[in-house]
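Next up: just one chain, as structure tokens, the form predicted alone.
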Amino acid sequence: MQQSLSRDEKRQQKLHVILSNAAKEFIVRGYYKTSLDDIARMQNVTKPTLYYYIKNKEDILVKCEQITCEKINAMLDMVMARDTSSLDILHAFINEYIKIITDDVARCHVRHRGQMENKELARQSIKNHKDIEFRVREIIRRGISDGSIRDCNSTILAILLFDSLNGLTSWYHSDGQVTLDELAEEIMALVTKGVSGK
């Protein structure tokens, strides 16, 4: 017998649907061209009902960011705890990061990171990204120490890596010809071997 959801679980479920639909609309139409009225119509609810789940339009970006950063940090906790080389950990990070950021809520976060009109929220958004980037730089630094990653500038490598990965949110579609696993393997090959044919 299926157990019924609690009131809080139902609210979280409904919030996720709202965020997913709003995120898709922001990606397709743009954040500034999408109004709360548009989002309410998509949910077939009134705007006052929408306010039960979100404070305002900007709050959608904040909540998309919170969900995405929680997933990324939990994933980093998991992969960084592995008893393996740092290169393998970096590979695992790339593989799992791609799975996270190709979700619509995460894509919305990546595309609109730091674009909140509230300056404090914008600063916090940039800090959240920097904190995650710092953790990846730590993986790279460990790799340089254990010899699994060549001696390099960890900051430059981390920035290039995030630019490559986050760029996927602009063009990757799950119904395309390239699978997520193939994508991760190709990016890892480019990171570790470059484009040299030798």
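Because the structure is a prediction, the values reported are computed rather than measured. Numbering starts at 1 and follows the sequence shown.
FYI, the form predicted together with the DNA isn't displayed, but the following is about it.
None of I159, I27, M42, L36 but one reaches within 4.5 angstroms of the DNA in the predicted complex through a heavy atom, and that residue is L36. In summary, among the residues H129, K63, R137, K57, the only one with a non-hydrogen atom within 4.5 Å of the DNA in the predicted complex is K57. When the DNA is considered in the predicted complex, K193 lies well away from it, no heavy atom lying within 4.5 Å. Proximity of R141 to the DNA in the predicted complex: non-hydrogen atoms within 4.5 Å are absent; the residue sits far from the partner. Within 4.5 Å of some heavy atom of the DNA in the predicted complex lies at least one heavy atom of T49. Residue contact with the DNA in the predicted complex: K14 places a heavy atom within 4.5 Å of it.
Partner proximity in the predicted complex, defined as non-hydrogen atoms within 4.5 angstroms of the DNA, places exactly one of 27-35, 63-71, 144-152, 162-170 at the interface: 27-35.
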